[in-house]
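In structure tokens, the next block holds one chain alone, the form predicted alone.
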């Protein structure tokens, strides 16, 4: 099948290359000349494990362009995979979704035959039918579910293992209204062996938000219990090993530490809170989930000050800047919160991350320009005997932390076993 993807960011690029691997031809549509050039040269504009190799292997089976018309007229299905950033009050900004819908609509006006438009961007319930549909109809002069198909297909990709999540997902959720669109998407996803849940469009939108809100809740719950465990002298990881053996609960997402970040959980939970308030509901649990997460990374600095009460003029090493390992994504990373507090305390910071340094400098210039960046983790340890572990990159397990004060936010076992002073945030 011929597939076009509007938006070649994280979700769009991984989704598109996933479809290429399944045997489809893919054209990416983007407004960013740099991204277009990189994709056409088989160079991923983001870091994701296995993505560069896949792009090299299948070069010639995909390309990128700015031209909506070219993409729509030469594909059967179009996915909208543009960003939906948060506004200050927590609601999502649909500017890119609206622009994509307009571009697709204008191209559809010129196209004969049935074309399916699929929203993959994370949008609140009602957005596909109340925002995307009217724009498509206005600019195409056609009717949804009659002249063209419209569906919602949320993504459940975990950064760092996203390609595997696309090809071997837990489930595929598709919100559709008409049978013709359903058949097209059944055929497109037929090579993937996974449960396929077909729902109405609004339900599919809500499944994405409910899933992310629950996972964020599970982490914040674990961290709140972990904070209690810390003061009681109990290892929270052992506690949740026991809790997770209950088949009703499962052990996943019980890694206590300094909380969640990234492009999805913070944005989606806040958006759901905002929507709940808008319709007159008081989301007490979700508000608490966010509050626990905002406090959690500062536990690292609190624990550090037990051992070094005065941080002014002290050099502190920070290992990890990405919000999680195996990605260069720094959106909502806990490292920012930690480093900002260290600088406020007067500390000097030397930091290292294998992939995320440039993104950290670009996203957080207020702190990024005030710290020193090492070119290896070993050089951080050479520069200071005070270490905070913020991201659990595998290479940090290979270090010798002897003679150092280590405050660990992610449970790096090598540090736990070798540091002169070791404190885990929840253990």
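Since this is a predicted model, take the numbers as computed values, not measurements. Numbering follows the first chain given and starts at 1.
Although not depicted, the form predicted together with ligand NAD is the subject of the following passage.
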Partner proximity in the predicted bound form: residue 4 to ligand NAD, non-hydrogen atom cutoff 4.5 Å: no
Taking any heavy atom pair closer than or equal to 4.5 Å as contact, tell me whether residue 47 reaches ligand NAD in the predicted bound form. no
Taking 4.5 angstroms as the cut-off for heavy atoms, does residue 336 touch ligand NAD in the predicted bound form? no
Check whether residue 29 has any heavy atom within 4.5 Å of a heavy atom of ligand NAD in the predicted bound form, and answer yes or no. yes
Where does ligand NAD sit in the predicted bound form: which of 167 to 175, 305 to 313, 126 to 134, 96 to 104, heavy atoms within 4.5 Å? 96 to 104
Of 318, 82, 71, 201, which one comes within 4.5 Å of ligand NAD in the predicted bound form, counting heavy atoms only? 82
Just give me the single entry in 122, 236, 78, 220 that has a non-hydrogen atom within 4.5 angstroms of ligand NAD in the predicted bound form. 122
Across 1 to 22, the residues having a non-hydrogen atom within 4.5 Å of ligand NAD in the predicted bound form turn out to be 6, 7, 8, 9, 10, 11, 12
